[in-house]
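Take a look at this one chain, the form predicted alone, written out in structure tokens.
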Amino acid sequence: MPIIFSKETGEFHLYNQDVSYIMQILKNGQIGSLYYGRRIRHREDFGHLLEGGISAGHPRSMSAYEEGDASFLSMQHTKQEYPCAGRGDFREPAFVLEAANENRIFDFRYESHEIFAGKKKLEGLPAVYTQDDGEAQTLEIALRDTLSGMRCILSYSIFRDFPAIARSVRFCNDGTERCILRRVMSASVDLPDSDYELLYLTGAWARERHVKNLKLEEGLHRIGSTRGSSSGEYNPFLALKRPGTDEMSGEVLGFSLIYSGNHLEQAEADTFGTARVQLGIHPAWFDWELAPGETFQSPEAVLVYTRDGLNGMSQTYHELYRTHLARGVWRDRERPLVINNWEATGAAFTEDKVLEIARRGKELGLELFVLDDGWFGERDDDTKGLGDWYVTNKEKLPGGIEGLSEKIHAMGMRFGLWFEPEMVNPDSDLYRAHPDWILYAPGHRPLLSRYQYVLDFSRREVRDYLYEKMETALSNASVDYVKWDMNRYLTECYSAAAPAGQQGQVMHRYVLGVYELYERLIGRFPNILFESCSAGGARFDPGMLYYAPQAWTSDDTDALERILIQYGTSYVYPLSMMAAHVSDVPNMQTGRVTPLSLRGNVAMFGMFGCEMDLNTLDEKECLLLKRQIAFVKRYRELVMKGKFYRLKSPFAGDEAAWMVVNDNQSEALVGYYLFPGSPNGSWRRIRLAGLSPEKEYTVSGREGRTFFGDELMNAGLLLGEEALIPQEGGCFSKIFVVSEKEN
């Protein structure tokens, strides 16, 4: 896993057993990109890989070298590491800076570099980390614009055990006048050709992270969010894959941004057949003034390279993010099985009602009861009380949260609590006392969404107030779990506390404020399991995983919809992050009726829980759910830590399949799902993956027979007549347990 600098050629070679990343200090002081891809043997001189020497007589080419230099370098034809604007490269720049005189032309040139073991923590921002310095090596390249005194530090960390490189950028004003940063990408990657297909995740509320593919054609392809959060519309991720690449083989480049606010990901194919990929903070609503002596740190981007197809890319992100992004005592610990009261009662519950649900949950084997919205203030619906994080309704909760938590713990269950700290109702004590604490534009009527305004998390006094109220509730009630919700997007991002010239910082400072409050609460309550939520999956991103090891995947708990959502989510995020619950029918979001067997079989491939009134189940349903819960407990470590494979895409047909395999390939779970509307269909089979070809396995439901791994992976597991017979609602689903044969 070395990083080698060749002084004679000015080249940097970052490599491990899987990947090489090679750069060169160009003659004009900029950093050129020579190669990114499958690991290649080191040599002292890779200069022959430089492409950019278009002749001086080439139409419309500008020389990057000094006048009189016999050689020639055209920046619009050169692969670069951090391209600037206005100096001969007409593609998208990685940054835009504005000096005090409004000059936007900067010339950053190599000044120095440092190579060190391990990886530095990013101040105030989530990032992947190392547990010891031997797990990664980091290169920092310092560039300087001599005219302004600005410094730009490019950071690259390459991991020993992953085909992954973490990149970020830091701008430092070492000059004597202010500068304004108007655009900052965390990474910019130039590729020598554009023969790729673009894959990204898109959607909306209740259909988050659906998979989209398109051919990369000439032009600029952009996704992103200006909603104040990573959003359910566009996830902060994209991948480039070669034509013909599938789940199991082919070259893939993954790009993931560890950030929870406005973001931009784009791929640009130019008319010369090259490609440029960039990702970072969205430049809309972003202006950051840097006074002399001040520094700005970008979020971190994680680049993954593989020749093992889309599953290979995903498995790298899964393991890296699960073990080197998620933190704390719950990172590796088995997660408790949850029963949440929301879909059963809404906010208008009574203590007796929720205790009934908790008792039945305990009888069925569930382990943690979560009291959702409605426990605080004057809160029986979503029109009032939000922001008043204390109990005022003693009729609803006679002993307060403290009394309820004692009764839940006395049952032998853990206790969890819902918060939505970032929002406030106009009809609340908090808003009446501090109407200026919201984001609003002076002179304009603030926009309501879900009867709520957005609190200004860029302000320390707002976060201090919320920390005090949440700390009191969590410590007094002995809370084991917190569901942190965020139910609307940000509008009118104007802060009454920010001076003129700093309003362009509010969006980013808001996100930093969310991170800061999370950090304080985690420090105070290290044993609490935090689950992030944003009207379902509207802030399901790597930044949140750093603070909350699991997230509510979507408000849509319909089993058939969840297959699509969880399948798309798995392109980047591990199963340990996906909260997946069995809910009641007809489904609250779609009105659809699906069998309990299907609902359980989908939720098993995530952090399992229930979201219903368990007391409405009949005896047969209770028995089935109890068996499902026992099954999940038996296999939850495998689901949480195993290697996940997508086998059949629900976006490509009427069936879906996936599986998870343990480290020594001795055990696997396979999920198969057939959608309604396929009467009298053909025979079905699943080709498994990740097993040992030489090992002999048994398969549940196929008693009396054994199968070698190579047969299951090549000939496949035949489903037979059972898959031709629809269950309730026309659906069919099946979980197979694959186990190494005992000798």
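In this text, residue numbers run from 1 along the sequence as written. The model shown is predicted, which means the values in this text are computed figures rather than measured ones.
FYI, the form predicted together with a small molecule isn't displayed, but the following is about it.
*Asks:* So in the predicted bound form, does Trp552 come within 4.5 Å of the small molecule, heavy atom to heavy atom?
*Replies:* Trp552: contacts the small molecule in the predicted bound form.
*Asks:* Just checking whether Lys241 would be counted as a contact of the small molecule in the predicted bound form - the rule being heavy atoms within 4.5 angstroms.
*Replies:* Lys241: no contact with the small molecule in the predicted bound form.
*Asks:* Using a 4.5 angstroms cut-off on non-hydrogen atoms, would Pro93 count as touching the small molecule in the predicted bound form?
*Replies:* Contact check for Pro93: no, nothing within 4.5 Å of the small molecule in the predicted bound form.
*Asks:* Can you check whether Asn487 is within 4.5 Å of the small molecule in the predicted bound form, heavy atom basis?
*Replies:* Taking the distances in the predicted bound form, the answer for Asn487 is yes, it comes within 4.5 Å of the small molecule.
*Asks:* Which residue, His508, Lys483, Arg144, Arg209, is the contact with the small molecule in the predicted bound form, using a 4.5 Å heavy atom cutoff?
*Replies:* By the 4.5 Å heavy-atom cutoff, the listed residue in contact is Lys483.
*Asks:* Exactly one of Leu564, Cys533, Val169, Leu647 has a non-hydrogen atom within 4.5 Å of the small molecule in the predicted bound form; which residue is it?
*Replies:* The option sitting close enough to the partner is Cys533.
*Asks:* Looking at 372-380, 436-444, 521-529, 281-289, which lies within 4.5 angstroms of the small molecule in the predicted bound form, counting heavy atoms?
*Replies:* Selected range: 372-380.
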